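One chain comes next, on its own, written out as structure tokens in the form predicted alone.
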């Protein structure tokens, strides 16, 4: 249960060694580089450095696009359990020739994308034109001949079928020719020609009839000729698209090296961003940051040995400094740091509650999952999955939480007599179905212990700071009150319990408002308000009944699954395979949904009931300069 002490580190050296030093610090991954706070008029120009960073970010963006684009065509079978490929430190530092080759490869991919876009655009445009021309295939005159002359006007378009008959009847015997070309949905397609002497009147009749001129485009041949030509263009565009798709498939072989190149650029970007936090002159640089005290000498020794032109010194944080927070616990407790950081980073002056919280969290997890079979499955599979998948640091912590929780689940599953929904023992130690009261009392007892532990941690924090009276007034008073009230429930202890509870109540009544006012009357009123808070303790205690409820639900659902399996298996050999599928699938579903629910509710009990008694947040996480690849794992080999 420790927050690592931090030391200020200050480096100054020749600018020529800056990049090599940043690379070395990045590989060590234990120094956080912080920017200097300079006045605007004294700040040095950062335009060249910003230009270099923009260049790296531009290349990184192109590489990420190339990886994402090629991934669509990657037919290599992979699963969520597949580990990331390994890249060496040498591969993460490609030379100029290798970078030039890979940039040329990305250029080729961008050219493929451009050609693909052009082909898709052409195919879409031609398809639209074909759709416009298709209804007019029966129009057997060249489209360039459909134009007005001195003596005549031509019209091509659509109008409602009923209006066509009226139009033909109205203009029969007059210098107008109307021909039906075809049908399109609910419209009649027509071609018409009118003598110039009646063209104006005929145009008005067409307008009144709901005539819509056709949009046939700028073509010269007949509709049929143009339609056939466009079909040829469409086939060519589709063939070009197929060839481009085949080229994409061939380029997939370059996906692994592009992933490595992307991560190399990402690591380089991180160094470049760190370099922007330094102060530079023409020949020197100045670096300021934080280093954990346990590795302080290791970092200083590395700098003295490998960078003799760099001067480094460390110092304790100043009064105005806000050091970052790094948690440190042993291998068993460390995975549960993910629970703490998932709530909030503790204050640098606070404490790391992981070690105290860990046994309660794992215990709650086991009580809510409550099936020893599921616990065995978790305890066995988690190490195997970690070995196969090789997850990142954060994911590995969550895996180990499940693995350790699996061991506690085996214990509570044995106590509850539940093994994959079966109940092999005749007289189990605990029986949530037939003797629920015992389990409820146990859950409330563990909950009370959890709450009082939170109070004890708060008292320890006050004692550590030399605030002994605060520990008595703010924590011991509540312990006495709650313990006394609990003793009242035991007849043999009721006499002592009433005096213990009274002592705690008097401490709260007299001293809860000591920091708000010095007026005795107001302090007593404030104390009465604080005493009313005992009701919140009752609600907090009842929250632990979820341990009983979820544990009972897991066992009952498992029993129901087994009953269904038994009914199917009783059918005979035909039902056996179905019974096996229901058994495996049902218990996997039951385990998965209850593991998720147990994790969420265990976090809830820590965050609200436990942390609320003492936790001081407000810190910021320690973020060292390190290698954080996205697609690969970096090996020293």
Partner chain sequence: MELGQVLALFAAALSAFLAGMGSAKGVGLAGQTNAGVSTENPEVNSKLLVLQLLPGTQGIYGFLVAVIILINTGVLGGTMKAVSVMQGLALIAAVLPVAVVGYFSAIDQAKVASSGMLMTGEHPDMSGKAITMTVMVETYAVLALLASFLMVMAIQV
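Positions refer to the first chain, counted from 1. Source: prediction; values computed, not measured.
The form predicted in complex with its partner chain exists for this protein as well; it is not shown, and the discussion that follows is about that form.
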Partner-proximal stretch of 607 to 615, 25 to 33, 580 to 588, 55 to 63 relative to its partner chain in the predicted complex, 4.5 angstroms, heavy atom: 607 to 615
Non-hydrogen atom within 4.5 Å of its partner chain in the predicted complex for each of 397, 501 and 503: no
Touches its partner chain in the predicted complex: residue 633 (any heavy atom, 4.5 Å): no
4.5 angstroms heavy atom contact with its partner chain in the predicted complex for residue 416: no
Proximity of residue 336 to its partner chain in the predicted complex, heavy atoms at 4.5 Å: no
Touches its partner chain in the predicted complex: residue 342 (any heavy atom, 4.5 Å): yes
Heavy atom within 4.5 Å of its partner chain in the predicted complex - residue from 221, 566, 549, 309: 549
Its partner chain: the contacting residue among 433, 363, 275, 356 in the predicted complex [heavy atom, 4.5 Å]: 433
Stretch 571 to 608: residues contacting its partner chain in the predicted complex, 4.5 Å heavy atom cut-off: 593, 596, 600, 601, 604, 607, 608
